[in-house]
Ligand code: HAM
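One chain follows as structure tokens, the form predicted on its own.
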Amino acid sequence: MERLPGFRDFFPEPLPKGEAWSADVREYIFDRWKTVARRYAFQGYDGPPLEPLDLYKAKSGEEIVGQLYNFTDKGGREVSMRPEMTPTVARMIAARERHYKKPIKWYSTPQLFRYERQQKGRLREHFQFNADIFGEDDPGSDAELIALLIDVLRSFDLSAEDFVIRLSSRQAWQDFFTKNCSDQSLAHDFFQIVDKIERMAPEDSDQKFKLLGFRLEQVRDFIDSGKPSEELQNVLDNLSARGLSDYVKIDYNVIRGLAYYTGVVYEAFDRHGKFRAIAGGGRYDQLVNLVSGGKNDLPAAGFAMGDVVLVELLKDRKLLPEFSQSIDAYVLIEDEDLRNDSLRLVQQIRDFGLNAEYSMVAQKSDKQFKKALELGALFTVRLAAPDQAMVKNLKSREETSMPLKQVAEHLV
């Protein structure tokens, strides 16, 4: 039975031949995501992996349906596996924001699903770090999120030579559009062309812009000016005060194709240009109002970082640590008459907060000792009597006799 295309199995290290995704690497990444988020006083949350289909159509329109794992459930409801986390958190905030003091700073690490063509850095499922701030419209909250993004990447030993945060503004682009076009119904099409401008042949971009009353040269001049808007300058000043200015630059090529963004937008890129965007986000002040049907209105901003591109980047920079199994103690059961006493010792060690392993079946002593070495045990412990243990340090080879009740503390 084969796994589905675009999905992954995560094996413990060492990985079997032909497998690329490590459960140990995943836990390593999750640990740093959560540790840095908590350092910034963000609180963890989660939501259901299955949501009403209308939640995603409300945010992204009918065209999103073709990218979803959606179906009609046994209750006749149109539902979808979650393709992103922002609609879920916006729904949760809209329903319960009065319970929390503002600003609300939340993070999550969901698994997400999209039915689309697999390509480098993009699968049909992935894990993602999401961080959002609700209830604050000052650019300082945008800067706080960008600083968090920078520090998350720095926690993996990536430096300013490895990545850059490219800052832009949907409001600045909206002002440019309004200044040069009076038909607001064309704005969505215009932003979609801008979002693809770096991936499209210049003559194709120019032709598409002309249909909307613009010229490619005109758009390029705005991008190349790189003049920060007032909100972007506030963000730059905030990050400079933190000593993080080397990690950011103004780049109006970034526009973020999603229509719900309303202000500062940004993407994190590998400076070597080998990978697609590492992370992206921005301000979306209208989404809570949208998903609540106008019943609630709260400014919001956030970003997301997927695990697929991040792992590829860390592998490329050789920044993933070596993962090997190790345990604090292996309890050798050389006398089956002492098995119950040995199990009591195993439990004492584990109750003390350490990890311990033993053979669940009768085995020769040399096989048990070999297993202890394979597991990277720091100590072996064997009972000389029901209440007396021999503890051996496998690094120094020194063996010490002690009462059973002292063993766990000795292993620390």
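Heads up: residue numbers just count along the shown sequence, starting at 1. From a predicted model like this one, the values you see are computed outputs, not experimental measurements.
The protein also exists as the form predicted in complex with this ligand; that form is not presented, and the subsequent description refers to it.
J.: This ligand isn't shown here, but in the predicted bound form, which of 80-88, 238-246, 203-211, 136-144 has heavy atoms within 4.5 Å of it?
T.: Selected range: 80-88.
J.: Identify, from the list Pro110, Pro103, Pro228, Gly121, the residue with a heavy atom within 4.5 Å of this ligand in the predicted bound form.
T.: Contact check passes for Gly121.
J.: Could you spot which one of Leu298, Ile250, Ile150, Ala279 gets a heavy atom to within 4.5 Å of this ligand in the predicted bound form?
T.: In short, Ala279.
J.: Flag Tyr260 as yes or no: does it have a non-hydrogen atom within 4.5 angstroms of any non-hydrogen atom of this ligand in the predicted bound form?
T.: Tyr260: contacts this ligand in the predicted bound form.
J.: Any chance Glu116 has a heavy atom within 4.5 Å of this ligand in the predicted bound form?
T.: The answer is yes: Glu116 has a heavy atom within 4.5 Å of this ligand.
J.: Spell out, yes or no, whether the shortest heavy atom distance between Phe303 and this ligand in the predicted bound form is within 4.5 Å.
T.: So Phe303 counts as contacting this ligand.
J.: Does this ligand come within 4.5 Å of any heavy atom of His126 in the predicted bound form?
T.: Because a heavy atom of His126 falls inside 4.5 Å of this ligand in the predicted bound form, the answer is yes.
J.: If you apply a 4.5 angstroms heavy atom cut-off, which residues in 189-215 are near this ligand in the predicted bound form?
T.: Sequence-ordered list is empty.
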